[in-house]
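Before any questions on binding or motion, here is one chain by itself as C-alpha cells, the form predicted on its own.
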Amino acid sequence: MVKKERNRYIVFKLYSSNDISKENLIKDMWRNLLTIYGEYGASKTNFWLIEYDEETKKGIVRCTHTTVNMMRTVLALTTKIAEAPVIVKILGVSGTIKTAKEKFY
C-alpha cells in the first residue's frame, strides 16, 4: 500500500523594487528548482504555487512534507526574477492552507 504524501504550505514575501508577475515567479522558481536538484529532485517536491498577490508580493507554495527544506533552499537562493533583483523571506510553514493564511498571510 502506497502512503499518501502529506503537503506543507510555505508562505513567503518578495522584496523587490520591480513588479513581479505570477508567470515570471513560477518560471524562475522552476528554473532554480531544476538547477539545484535536477528533474528527479524536482519531481519529488510536488511543487505548486497556490497563491500569489502581486500587490503585497506575498505567496503560498505547496510541497511535500519531506521536501520542505529543499523548497526553503530554492526560495532562499532565488535572487533574480525576470532579471529583477529580489529577496525572498519565508514567513512560515503550515500543514493546511487555512492555517497558513491565518498565521502568516
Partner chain sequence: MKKYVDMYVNQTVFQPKEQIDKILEIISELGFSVICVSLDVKDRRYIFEEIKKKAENFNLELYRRIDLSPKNVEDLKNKLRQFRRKCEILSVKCVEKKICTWAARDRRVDILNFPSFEYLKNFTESTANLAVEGETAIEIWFKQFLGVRGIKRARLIAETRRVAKIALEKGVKIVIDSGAGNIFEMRAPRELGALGYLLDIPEKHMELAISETPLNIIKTNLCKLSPNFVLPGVEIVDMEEENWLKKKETDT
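Keep in mind that this is a model prediction, so the values were computed, not measured. Positions refer to the first chain, counted from 1.
There is also a form predicted together with its partner chain; it is not shown, and the following applies to it.
Its partner chain in the model of the complex is approached by T73, whose closest heavy atom lies within 4.5 angstroms of it. For P85, a non-hydrogen atom is located within 4.5 Å of its partner chain in the model of the complex, even though that partner is not displayed. By the criterion of a heavy atom within 4.5 Å, Y37 is counted among the residues contacting its partner chain in the model of the complex. Although the partner is absent here, I97 is not a contact residue: none of its heavy atoms lies within 4.5 angstroms of its partner chain in the model of the complex. The three marked residues, S17, N69 and I90, each reach its partner chain in the model of the complex, with a heavy atom inside 4.5 Å.
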